[in-house]
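Only one chain comes next, encoded as structure tokens, the form predicted alone.
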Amino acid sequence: MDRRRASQLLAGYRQFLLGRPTLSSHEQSISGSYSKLNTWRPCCMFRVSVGTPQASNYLNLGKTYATKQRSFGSAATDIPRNPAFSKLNADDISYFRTILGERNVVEDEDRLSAANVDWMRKYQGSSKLLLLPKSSQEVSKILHHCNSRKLAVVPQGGNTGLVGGSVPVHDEVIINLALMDKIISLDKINGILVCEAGCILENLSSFLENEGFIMPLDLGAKGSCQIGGNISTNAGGLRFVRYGSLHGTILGLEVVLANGTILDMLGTLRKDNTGYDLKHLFIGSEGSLGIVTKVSVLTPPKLMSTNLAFLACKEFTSCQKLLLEAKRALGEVLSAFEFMDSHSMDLVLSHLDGVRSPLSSSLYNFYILIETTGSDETYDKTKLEAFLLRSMEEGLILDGVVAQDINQSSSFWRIREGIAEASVKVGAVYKYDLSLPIDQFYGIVEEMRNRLGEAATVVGYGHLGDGNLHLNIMTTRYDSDILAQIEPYVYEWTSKHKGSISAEHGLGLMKANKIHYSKSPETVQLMVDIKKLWWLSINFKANEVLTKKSQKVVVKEAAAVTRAYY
């Protein structure tokens, strides 16, 4: 969700996957002067490059680590293929061509190679078939056939995930929803959008902004991720502190079950208390219960006043206090509260071309981005400036600047959202997406630095406003000895401090057998029971099954509940 540059790379991947030409690279210059908090004078101009490479450039980035090497991304073991499931044959392919047409049944090795690998180049399947349905009915026919033939399938959308849930484990049939990208309707009075699940998040955002609304969800990967995948992973994003979880903004869903049944829950009512609200089972279920094909979402009005401040703090306790004071003083206009440590800042400045710090001094210990969004520009700006000056007087802020236009705002976000891109340029990256109490938020970062010493670079950043830490541990290459020092220690530490091992990335293959660190055996058993109930015949996410053993959840055949789209 912090991967705007990665989103541009994946846009090329999407065009390549669909067999379309890609755009050539380009640069956009961003310059201007800021409102400086301590001097209130303009500071220096700078440039930011935001190119979009050819798909072939993306596809050749880095090294691909095969299935048997997945232990480098997590402490998972090799996963044998379940012999109960059939293998694809010529009759299956002929049937799919009768319902999808020749063009949307893909056997081309290059396009399959792209679809079989996640964007981190860590997880790789061996699927021989990619299907591109254009409607819910086509998805239904695909699943009905696969169900009758015992063919394993894996849904896929933008393929921007970080935990190995959007690619096959073995030879599953890939069902990609990229062609299901129609906007069905928009209620301009209530702001209720109905669309297909393959719609790109950024396209929805652009459409809504032209109509006077915004998506309640904003991600760095919005140029490639699909709304169906966002829902299936319950993606959080940059606006979570303002608009909350998708559980609160999704009004209805259409879902195709494993046996091909189309489940119509596509309501547009704010209130409907007739029985179980089943859509919530599919939000965050990572595609394990069915394929989301349509969505109804409540979209907020577009507000005309947006302000963004880039701030520096000396101590993490200052960041904590600043968050509390921001909630009190900014209240109704606070829309984002993002965090980076000095190692994150240094990483971006060292590895991303054209990126410069908006602050004139050398590196500080911690950085905060505060965004406000409201309806009265003068009132909102005055309110923010008063809060910032008071915070500086109290010593919570050492330095800071306020963006004066949209280009400067983009440059601020470029720093925060460029951390993931910069990290992969170092070499091997071990990524952890943790949810922690605010008072324990940075503790694991310091623990891992002490634990690993000079063997790795450890950075911490994320959504401090909602307690979501992104812990990135970087080394020159993947190493089993390094991994043994990281896992299971990270998960044990998180569990000890009452956190979650997955805040917004999902479990996927990477953390499927780690769910017991965040959920009780009784809770997981209920998940197992629900999954069995929905699987009328188990062909769906066929190599991924939840089991319980010795009061812990272990992997049987593959992953637990895995990320399907995002």
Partner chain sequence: MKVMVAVKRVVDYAVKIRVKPDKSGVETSNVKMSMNPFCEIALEEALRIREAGAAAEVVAVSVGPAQCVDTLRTALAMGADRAVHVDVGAAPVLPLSVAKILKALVQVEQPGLLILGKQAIDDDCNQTGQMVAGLLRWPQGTFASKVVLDKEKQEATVEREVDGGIETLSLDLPAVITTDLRLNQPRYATLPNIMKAKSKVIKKVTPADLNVELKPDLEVVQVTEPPKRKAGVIVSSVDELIDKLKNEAHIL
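Quick caveat, the model's predicted, so the values are computed rather than measured. Residue numbers count along the first chain shown, from 1.
Below: the form predicted together with the partner chain, not depicted.
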item: Contact check for Pro358, Gly400 and Asn407 against the partner chain in the model of the complex, heavy atom at 4.5 Å; value: yes
item: Residue contact check: Leu311 to the partner chain in the model of the complex, 4.5 Å heavy atom; value: yes
item: Met392: touches the partner chain in the model of the complex, heavy atom cutoff 4.5 angstroms; value: yes
item: Proximity of Thr457 to the partner chain in the model of the complex, heavy atoms at 4.5 Å; value: no
item: Residue contact check: Ala484 to the partner chain in the model of the complex, 4.5 Å heavy atom; value: no
item: Listed residue that, although the partner chain is not shown, lies within 4.5 Å of it in the model of the complex (heavy atoms), from Phe316, Phe412, Phe85, Phe282; value: Phe412
item: The partner chain: the contacting residue among Leu324, Ala90, Leu269, Met304 in the model of the complex [heavy atom, 4.5 Å]; value: Met304
item: Stretch in contact in the model of the complex with the partner chain, which is absent here, among 137-145, 228-236, 269-277, 381-389 (heavy atoms within 4.5 Å); value: 381-389
